[in-house]
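Starting off, we have a lone chain in the form predicted alone, written out as structure tokens.
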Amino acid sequence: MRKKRIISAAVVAVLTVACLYVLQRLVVPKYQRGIVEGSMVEEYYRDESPHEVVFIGDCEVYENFSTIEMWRNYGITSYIRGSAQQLVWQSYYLLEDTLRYETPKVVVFNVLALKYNEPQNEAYNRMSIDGMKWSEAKIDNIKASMTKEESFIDYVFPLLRYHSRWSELTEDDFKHIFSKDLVTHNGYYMRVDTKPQGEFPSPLPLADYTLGEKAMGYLQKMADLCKENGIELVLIKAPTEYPHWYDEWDVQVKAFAEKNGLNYINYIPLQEEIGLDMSKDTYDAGLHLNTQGAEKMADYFGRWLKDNYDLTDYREDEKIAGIWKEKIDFYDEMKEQQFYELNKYGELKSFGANAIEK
């Protein structure tokens, strides 16, 4: 009798845990349409090819560099481990996480995030952290990123945070409860539409232009980690001009790069040399590049990478080239889908991985 009670209790416990797991999977946001940035970090773990170049950073990398175009033109295998408003320490811990799986030859970090020295926003934190696999890097990332209103236990058990989403559940929540479609192209977020750059507001003067101690401290940790692992760290400022990048910040980054023996390139004054036309190459009035602009940026930067680092042209590797052929097909299908939506509806209806509508 006692044995039966133990077995019954065990079955009830297993069923309870299983039900809670399924419930948690259901209520957690899926980020498959519209705001897809919350899916970006986790997609990295599904990729099968090695990456000699890894970008880390915010929207100024995942919206401005076409990984597929760098492959097409130079055979560079790259991945963008980016997310919305990704803070410097979040980039650092994503780099730590990446090194659990591979050691790239080059890591590229966009410096705009240095403007933030403290945790900012739970929603952005979630999009940067929830998709990480559990590891010491993820634990440290949570601790470094939490705002005062957040709780560590909510990251461990997302059901506690998202249980109130019942009234917001959509078809996607049920369709993607256990699996998701890819929404990026090795981390690149595609937008083919165009909205010309307008006038930006004049930048406000700051009381103190000194980049924060925490932000610069994690940049140093990033540089040290790359050096320890024989990785070349490249610092960049994307060519888009808003939010404003102050000259005083630029001077500090240049000094940091010189001290640590790093390459730093500010692409804002190089728009014309890159071939960018901000009346045609942006989809949101100049904040980010559209696909046409991102392909120009990828071609320009890819050529620089090939000229300055010993990168492999993997187009000559039959196995890797086969993997990237599938990536190219997916990229071209999504581009065709987005142009179809623009021509039919005058706007994009979805930004995720959707089949071509005929």
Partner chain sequence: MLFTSIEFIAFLALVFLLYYVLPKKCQWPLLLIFSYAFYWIADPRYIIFILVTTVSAYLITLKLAAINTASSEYISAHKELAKEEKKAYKAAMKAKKWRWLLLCLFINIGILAVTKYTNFVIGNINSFLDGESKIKAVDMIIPMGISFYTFQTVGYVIDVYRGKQEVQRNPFKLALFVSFFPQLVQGPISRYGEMSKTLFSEHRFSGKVFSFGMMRILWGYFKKVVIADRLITAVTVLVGDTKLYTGSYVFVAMLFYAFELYCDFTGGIDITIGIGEAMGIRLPENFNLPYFSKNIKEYWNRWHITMGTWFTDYIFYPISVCGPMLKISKWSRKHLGEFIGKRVPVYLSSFAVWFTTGIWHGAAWNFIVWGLMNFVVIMISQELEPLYARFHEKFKVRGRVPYEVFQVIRTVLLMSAIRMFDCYRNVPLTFKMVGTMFTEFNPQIIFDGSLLKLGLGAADYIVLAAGFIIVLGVSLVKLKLVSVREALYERPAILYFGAMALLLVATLLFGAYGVGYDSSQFIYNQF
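Only the largest set of C-alpha atoms that superpose within 1.5 Å between the two forms is called the rigid core. Keep in mind it's a predicted model, so treat the numbers as computed, not measured. Positions refer to the first chain, counted from 1.
Not on display, but discussed next: the form predicted together with the partner chain.
- Comment: the partner chain is not present in this chain, but in the predicted complex one of 143, 175, 244, 163 has a heavy atom within 4.5 Å of it, namely 163.
- Contact annotation: residue 343 falls outside 4.5 Å of the partner chain in the predicted complex, judged by heavy atom distances.
- For residue 159, a non-hydrogen atom is located within 4.5 Å of the partner chain in the predicted complex, even though that partner is not displayed.
- At a distance threshold of 4.5 angstroms between non-hydrogen atoms, residue 179 is out of contact with the partner chain in the predicted complex.
- Proximity of residue 28 to the partner chain in the predicted complex falls outside the 4.5 Å heavy atom cutoff.
- Contact with the partner chain in the predicted complex, defined as a heavy atom within 4.5 Å, is made by none of 106, 136 and 225.
- Comparing the forms between this form and the one not shown, the C-alpha position of residue 9 differs by 2 angstroms or more, with the core used for superposition.
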